[in-house]
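Here's a solo chain for you in C-alpha cells, the form predicted alone.
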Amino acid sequence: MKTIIANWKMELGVRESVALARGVLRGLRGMQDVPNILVAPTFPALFEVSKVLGRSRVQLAAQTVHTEEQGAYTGSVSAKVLKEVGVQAVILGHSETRAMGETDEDVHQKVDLALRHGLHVIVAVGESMATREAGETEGFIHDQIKTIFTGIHPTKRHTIYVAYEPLWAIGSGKVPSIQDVSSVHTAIKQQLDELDILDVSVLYGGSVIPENAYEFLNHSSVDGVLVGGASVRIKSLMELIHLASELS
C-alpha cells in the first residue's frame, strides 16, 4: 500500500483545514483501495481536524514536536499534548524546521520521545545542492540516518516513515531522476536494516505534484510521497490519492 502524507505547513487556517479534511473524506467515499493517508495541519487546527477525521482511515499528523516532555518552552508543543488532541504521527527533521536550527541530534531526541508516547514518526532527510554536486549525497544521508536512528528501538506498534527530500528540490520545481531517488531509497533501507529498524516506509518528498508523482509512486523503491504545496488544494490532493490507490 502506498502512502500519501499531506503537509499543509502554514498555508491554511483552522476553517480551511477542516474544510479540506472534510473534502478528503468525501473524496474517499466509494473508493475500494484506499492508500495510507496522513494529513498534517498547523498546530491550532489539529483538534478541529481530529474531530472531523474521527475513526476514518485518514490519520492526523503534527508538523513537529519539542525535544522535552514539558517545561518553560514558550511557543513549543509537547508529545503529550499532541496525543491529547488526537495526533497519531509527527513530521520530524523537515528541511524548514532544520532551517530554523533543528539538528540531527534534535531529531534523534524527538524520535525517541515521540515513539515513547506512541506516535508514529515521519523523519525527513536530504542533501543540499552543494553536497549533491560534490557526489556526497549517500554519505551525507548515511550520517543523518546514523545520528537519528542509532539507539532507537521501535516496537511493532510503531510505524516509521523516512522521507527523502533533497533540499534543492523543496519548492523549487526541480526533481531528481527516479534512478537517483531509487539509489538513495535503497541505501536508506539497507542502513536501517543494519540498525535493526525494520519494515520502514521510505517516501519521496520535494516538489511533488500530480504531473510528476506517477514516476515516483510507480517505482518499487518508493513507498509513497510527502507532499507540500500540492496537498493544500483538494483537486490536486485527490489526484495524488487516486494515483496512489491505482498503484497500491
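All of these numbers come straight from a predicted model, not from anything done at the bench. All residue numbers refer to positions in the sequence shown, first residue = 1.
What comes next is about the form predicted together with a small molecule, which is not displayed.
When the small molecule is considered in the model of the complex, Q59 lies well away from it, no heavy atom lying within 4.5 Å. Not displayed here, the small molecule is approached by K9 to within 4.5 Å at the level of heavy atoms in the model of the complex. G13 falls outside the set of residues with a heavy atom inside 4.5 Å of the small molecule in the model of the complex. The small molecule in the model of the complex comes within 4.5 Å of no heavy atom belonging to K110. Exactly one listed residue, out of V208, V49, V65, A40, brings a non-hydrogen atom to within 4.5 Å of the small molecule in the model of the complex: V208. Contact with the small molecule in the model of the complex, judged by any heavy atom within 4.5 Å, is made by just one of I160, A169, I141, L119: A169. Figure note: of the listed segments 101-109, 88-96, 74-82, 147-155, the one touching the small molecule in the model of the complex, with heavy atoms no more than 4.5 Å away, is 88-96.
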